[in-house]
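Below you'll find only one chain, the form predicted on its own, shown as structure tokens.
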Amino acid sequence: MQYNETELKAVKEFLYKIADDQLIIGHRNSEWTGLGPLVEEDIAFSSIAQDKIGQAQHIYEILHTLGEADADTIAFTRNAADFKSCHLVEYPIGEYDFSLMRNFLFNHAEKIRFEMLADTSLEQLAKLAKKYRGEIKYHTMHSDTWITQLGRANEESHARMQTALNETFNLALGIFEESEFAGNLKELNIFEGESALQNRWLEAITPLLEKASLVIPERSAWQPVYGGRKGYHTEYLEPMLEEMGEVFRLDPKAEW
């Protein structure tokens, strides 16, 4: 499909948003390798991290076909202000309860986003959305299992998971920061919109959290943390990007 200048900007911004989220949370999840509470969890978090970074790479490759740089250059050489990631994915891993809750909230948004994109008019993205179903099913299964077990295990674990939910919920609402190009994406039959995604996300996570005896904060306390989609980020992103791109910058043309 041929896009005019505005439509092309809309498509690129949309793809950057999805891929940057995947790359950053993938990198964060990889930091649990060797630190997990169980060997099996070391493997699980590492595997999920690898999947998400791989998904980011595939979407960066679509961007390359639209005139952007190659995937490695996109991932490793941009400044923080050029990233479109939401704040939720940028925070350090913290304690395990924080990372588990972040994964739970993010994975379900990601699952629904790719379900919505399975029939998008952007054919390359539609193919990826269908391809990712198996991987994301595993990601949500992992987070659902842990949220349920720890939410209902004992008083301490329940309190910690509820605190983690309270801390991450407004950050998670930032996933759904609407784009100035939302109308273009809808007209092009690429994406229905962040508001629709958020509504479906709430419908999905609410019964799962109730099953875990956890309570979503009162709506009056909802204060979505926006800014990431417009290049305004947490203090944690820039140092992470410096570390992530350190080897690539030593010799960008090196072959492995």
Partner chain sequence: MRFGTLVNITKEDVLEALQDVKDPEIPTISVVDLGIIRNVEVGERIIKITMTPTFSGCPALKIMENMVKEKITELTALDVEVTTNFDTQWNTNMITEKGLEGLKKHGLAPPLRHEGLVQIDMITHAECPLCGSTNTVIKSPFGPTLCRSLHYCNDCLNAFEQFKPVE
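Numbering follows the first chain given and starts at 1. Every value quoted in this text rests on a predicted model; they were computed, and no experiment measured them.
Missing here is the form predicted together with its partner chain; even so, the following discussion is about that form.
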Which is the contacting stretch out of 221-229, 54-62, 28-36, 187-195, given heavy atoms within 4.5 Å of its partner chain in the predicted bound form? 54-62
Even though its partner chain is not shown here, does it sit in the predicted bound form so that Lys12, Leu105 and Arg113 each have a heavy atom within 4.5 Å? no
Does at least one non-hydrogen atom of Ala153 fall within 4.5 angstroms of its partner chain in the predicted bound form? no
Do Leu128 and its partner chain share at least one heavy atom pair within 4.5 Å in the predicted bound form? yes
Using a 4.5 Å heavy atom cut-off, state whether Glu135 contacts its partner chain in the predicted bound form. yes
Ile48 versus its partner chain, in the predicted bound form: is there a non-hydrogen atom within 4.5 Å? yes
None of Met141, Ala159, Ala81, Ile93 but one has a heavy atom within 4.5 Å of its partner chain in the predicted bound form; the exception is Met141
Using a 4.5 Å cut on heavy atoms, which of Leu66, Ala204, Val215, Ile43 is close to its partner chain in the predicted bound form? Ile43
